[in-house]
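One chain follows as structure tokens, the form predicted alone.
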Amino acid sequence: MLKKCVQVLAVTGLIVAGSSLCVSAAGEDMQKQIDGIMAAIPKFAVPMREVGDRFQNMYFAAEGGNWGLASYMSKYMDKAMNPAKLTKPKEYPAWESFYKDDFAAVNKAIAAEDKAAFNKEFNAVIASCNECHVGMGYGFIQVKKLAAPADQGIEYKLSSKATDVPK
């Protein structure tokens, strides 16, 4: 009887040990997959490129009276940074704060469809962007107002309201 108990315990131990090895191997494979996905998600540079293009396009939309487009560009400029929530969790709050606080006046000017206020706040944001870049160690990235929109394939002079953007 004692011999059978020892055998059962030994077999049980082998099963447990083997299954934990399988779980460990599966866990390592799963971690490799997660690491691969994380490596493929854009960090800050790629979303920031989209942010920059949308920011520039926003200016030309506001200048052309296309307030719906200006509002749309602002909305999706912010959403472009969503990958950084995962890939740069320490840096993302700086973006979140910038958009919520520094950029609020631009959004307010868009909502009011006030070209003079928009131009004033747009220029203030450029200065804020450049200060942030310096503060984060990227002082070699200086934003400037473009002479033409980043995307030439959009009609910027189409009359629209800021409220035309679907929720």
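Given the structure is predicted, the values throughout are model-derived calculations rather than measurements. The numbering used is simple: start at 1 and walk along the sequence shown.
The protein also exists as the form predicted in complex with heme C; that form is not presented, and the subsequent description refers to it.
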Using a 4.5 angstroms cut-off on non-hydrogen atoms, would residue 109 count as touching heme C in the model of the complex?
no
Close approach of residue 77 to heme C in the model of the complex, 4.5 Å, heavy atom:
yes
At the 4.5 Å heavy atom threshold, is residue 52 in contact with heme C in the model of the complex?
yes
Just to confirm, residue 40 within 4.5 Å of heme C in the model of the complex by heavy atoms?
no
Looking at heme C in the model of the complex, do all three of 59, 117 and 158 come within 4.5 Å of it through at least one heavy atom?
no
Tell me which of 66 to 74, 109 to 117, 29 to 37, 132 to 140 has residues with heavy atoms within 4.5 angstroms of heme C in the model of the complex?
132 to 140
Select from 80 to 119 the residues with a non-hydrogen atom within 4.5 Å of heme C in the model of the complex and write them out in sequence order.
94, 95, 98, 103
